[in-house]
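What follows is one chain in structure tokens, specifically the form predicted on its own.
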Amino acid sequence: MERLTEFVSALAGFATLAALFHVTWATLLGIFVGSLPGLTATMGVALLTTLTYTLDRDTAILVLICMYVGAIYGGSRTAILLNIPGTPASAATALDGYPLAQRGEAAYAMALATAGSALGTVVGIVLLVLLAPPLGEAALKFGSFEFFWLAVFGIVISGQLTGGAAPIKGYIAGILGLMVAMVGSDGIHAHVRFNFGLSELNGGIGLIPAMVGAFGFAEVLTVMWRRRPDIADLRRGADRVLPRLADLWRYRWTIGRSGVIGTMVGIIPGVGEDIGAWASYAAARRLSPERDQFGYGSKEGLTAAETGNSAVVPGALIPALTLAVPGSAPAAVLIAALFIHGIRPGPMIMLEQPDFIYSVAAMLFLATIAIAVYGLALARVFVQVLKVPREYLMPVVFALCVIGPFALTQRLFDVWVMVGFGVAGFVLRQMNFPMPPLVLGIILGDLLDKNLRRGLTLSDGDLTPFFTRPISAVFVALILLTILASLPAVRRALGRLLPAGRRADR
């Protein structure tokens, strides 16, 4: 009851015209970003972060969360209409959404996707309010040894952010991020390292220029390098745009189960919304009496996929807020934004800002209402956005990439850092290296460096406490299990043990 009161109080704090205005435009912008293939939720949050410097703390985080929620939901538009997922999180949506659109039920498919997304986020919000405070209190037992392993764990799980069969590339990208974080003055003795004679690097490489370059400018270069044909043939359904209550009631167990699965997947660091959607879809197919219709226009399959990927959003914020370890790639960028606006996610958040978790839950709830309104009221209008060629959007993206880093410090050097990371990000993308682990490595580098040396100081150079303290031992075991689970041989063995799940995923 006390947590409900805190949530209602936080929600009342956003009951202003200014806050509702920011919810309105940020969520709509997020839906547009998610609808356009290539403009991911991670990129949207990263670029929008550069425009929130002048906003107060709560408003800035509200805008970014609305962008996050809107972008994950927006990917379902292209998945249903064009069989092109706007974001990876909507790949499972396309399996049944596009066949429904081909049958002339595009608008109703979008209505079901909207209802599933909204209800999935609500399930995640409930679990966020219930799980985040006790998890934060447990994290108060962490010391330097535990924080070191927490940072290492964050880098190790970055191998799961690859979305492919080569997690080693995720590890390499994460280690590159750690190396970038070592540039400049160290956090304990202020000794300058790896500045290569450039005084501008004494303070280290800025997170925002690096992040904007790796996600934004690299995307501009990718579009210039590999033009894609414009999509002009858009299908539209002339059917109803409101979901039938009978359908929602029929799939109530699917919605509840998918919401819980999505939230639990979100809590696992580095897994992401796409895995939440596939896991929910696989569970629904395995348990549904209509499993033969999955992949051919199943409304239950569409609902499960959209419920699952949206529930990951609040789930991913649980470890992001309480442990400073992101549950997804956009959450990694959001952690950087929290630091920029003076919020320190991690175990101390329950002591320093105990009400902030309820504020985040209220922000998520407002964003959920916004996607429900937009999804149902503008189902057919959203289709027109897809007619805009991506090549026309890139000049705007490039302008934001330049303005954002420069506006932060008024240093032209940061613009060159952005360009350098953009070129590096473009090259890494061509070799199928993921960018989120790189940013995650930059974020966690300072935490790892400080706590390693502080722990060695406390133990007089003895490494034993890093392995014998109970929480540290748990982290070491988790790290080893994560590395083993990423090995191809282990994956094949697990696949043979779970043939039913493998067929469902396929």
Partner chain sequence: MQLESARADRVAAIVLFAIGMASLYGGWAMDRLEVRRIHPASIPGLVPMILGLLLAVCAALLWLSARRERPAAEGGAGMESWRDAGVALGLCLVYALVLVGNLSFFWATAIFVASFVAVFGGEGGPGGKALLLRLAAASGFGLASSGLIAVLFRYAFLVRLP
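Basically, rigid core = biggest C-alpha set you can superpose within 1.5 Å across the two forms. Positions refer to the first chain, counted from 1. Please read these numbers as outputs of a predicted model, since none were measured by experiment.
Heads up, the form predicted together with the partner chain isn't pictured, but that's what we're talking about next.
Here the chain stands by itself, but in the predicted bound form one stretch of 472-480, 27-35, 457-465, 63-71, 457-465, has heavy atoms within 4.5 Å of the partner chain. Taking the partner from elsewhere, every residue among T54, V415 and Q430 has a non-hydrogen atom within 4.5 angstroms of the partner chain in the predicted bound form. The partner is absent here; in the predicted bound form, the one residue of L351, L198, A399, L245 having a heavy atom within 4.5 Å of the partner chain is A399. The partner is absent here; in the predicted bound form, the one residue of L287, V419, L130, A377 having a heavy atom within 4.5 Å of the partner chain is V419.
Of the heavy atoms in D355, none are within 4.5 Å of the partner chain in the predicted bound form. Although the partner is absent here, F217 sits close enough that one of its heavy atoms falls within 4.5 Å of the partner chain in the predicted bound form. Taking the partner from elsewhere, F406 is found to have a heavy atom lying within 4.5 Å of the partner chain in the predicted bound form.
In the predicted bound form, the partner chain lies within 4.5 Å of some heavy atom of H189. Heavy atoms closer than or equal to 4.5 Å to the partner chain in the predicted bound form belong, across 11-35, to no residue whatsoever.
The rigid-core alignment places the CA of E300 less than 2 Å apart between the shown form and the other one. Once both forms are overlaid on the rigid core, the distance between the two CA positions of L444 between the shown form and the other one is 2 angstroms or more. The rigid-core alignment places the CA of D460 2 Å or more apart between the shown form and the other one.
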